[in-house]
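Form predicted alone, single chain, as structure tokens, below.
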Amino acid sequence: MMRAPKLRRIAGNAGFALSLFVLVSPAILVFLWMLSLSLKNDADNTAFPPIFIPDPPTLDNFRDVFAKNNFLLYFWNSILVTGGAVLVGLLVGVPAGYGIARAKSAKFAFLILIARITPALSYLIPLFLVFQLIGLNGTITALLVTHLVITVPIIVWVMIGYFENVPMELEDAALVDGASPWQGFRHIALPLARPGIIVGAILSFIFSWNNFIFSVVLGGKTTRTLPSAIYNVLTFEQISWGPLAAAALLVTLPVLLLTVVAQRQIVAGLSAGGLKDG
């Protein structure tokens, strides 16, 4: 009698593991292939049949990326643009998410969702014309403002879900005790929504850091962000797969490290934000 539930549990676990493997394995294989390309010379990268394990591995591709790109400058620009966009996004998005959640305004929430799923290219031409008119093209300020298109909708959308789960009775009790609405938000709702703030900041950081098109079109020679290093590796004569893969790895590394370090906070935060009171 006890065997059937145990077998079902084992089958369920096996099915879950298989599904997870099917979903994750393509991304892992692509990453490993990119790592292999970055550690091989041009001859091995164009060999047929393909050589997966470099023998011997070389770091020349990484040296080439640093030699042909002002990589540290691009890295610093990415820190300024992404860090500033996330900080401003939090200052704007957290109160906005609170207001929309407390007003129970489904229309505003839907507008935020539309802003999030709208392709970045839709904003690019209007922003380019505006920045050209006021002389901001090619500046860090222009990139920071455009990246708010990425960070603010993400943070607002995440915070709406969190503030909807903060019991209104706690704030009502604070108001009865003489607290102002601002004090109720600051001392009650904000601390309880801290996991959402962390998740919103991390997700907006990842999407902002990886953005490519804004940097290429609106950035100048000294103000482009790190993904532009990949663009600079491309040439008209041929594609140098080794330096291209090395540049892609270097751009991905900060985001990868952040995701690995903060994976528990991301999972816990998203799970908590998805809970609804009955």
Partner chain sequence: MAGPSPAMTRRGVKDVGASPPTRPTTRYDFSRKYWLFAVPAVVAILAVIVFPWLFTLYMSTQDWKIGGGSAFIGWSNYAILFQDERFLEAVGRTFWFTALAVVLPVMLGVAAAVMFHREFPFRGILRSIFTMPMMATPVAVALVWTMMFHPQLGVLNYLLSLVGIPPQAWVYDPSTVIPTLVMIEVWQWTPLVMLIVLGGLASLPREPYESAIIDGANAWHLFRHITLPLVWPYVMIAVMLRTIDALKVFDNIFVITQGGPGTASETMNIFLYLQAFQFYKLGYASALVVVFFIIIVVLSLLLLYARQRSKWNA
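Numbering follows the first chain given and starts at 1. Here the rigid core means the biggest group of C-alpha atoms that line up within 1.5 Å when the two forms are laid on top of each other. Quick caveat, the model's predicted, so the values are computed rather than measured.
Heads up, the form predicted in complex with the partner chain isn't pictured, but that's what we're talking about next.
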Inset, instruction - Would you kindly say which of 190, 206, 73, 198 lies with a heavy atom within 4.5 Å of the partner chain in the model of the complex? - result: 206
Inset, instruction - Tell me, yes or no, whether residue 83 is in contact with the partner chain in the model of the complex, where a contact means a heavy atom of each within 4.5 Å. - result: no
Legend entry - Contact of residue 134 with the partner chain in the model of the complex (heavy atom, 4.5 Å): no
Legend entry - Interface membership of residue 176, the partner chain in the model of the complex, 4.5 Å heavy atom rule: yes
Legend entry - Contact flag, residue 152 vs the partner chain in the model of the complex, heavy atom cut 4.5 Å: yes
Inset, instruction - Could you run down 21 to 35 and flag each residue that has a heavy atom within 4.5 Å of the partner chain in the model of the complex? - result: 23, 24, 26, 27, 28, 30, 31, 33, 34
Inset, instruction - Would you tell me if residue 220 moves between the shown form and the other one by 2 Å or more at its C-alpha, with the rigid core held superposed? - result: no
Legend entry - Flag for residue 178, CA shift 2 Å or larger between the shown form and the other one after aligning core: yes
Inset, instruction - Examine residue 28 after superposing the rigid core and state whether its CA is displaced by 2 Å or more between the shown form and the other one. - result: yes
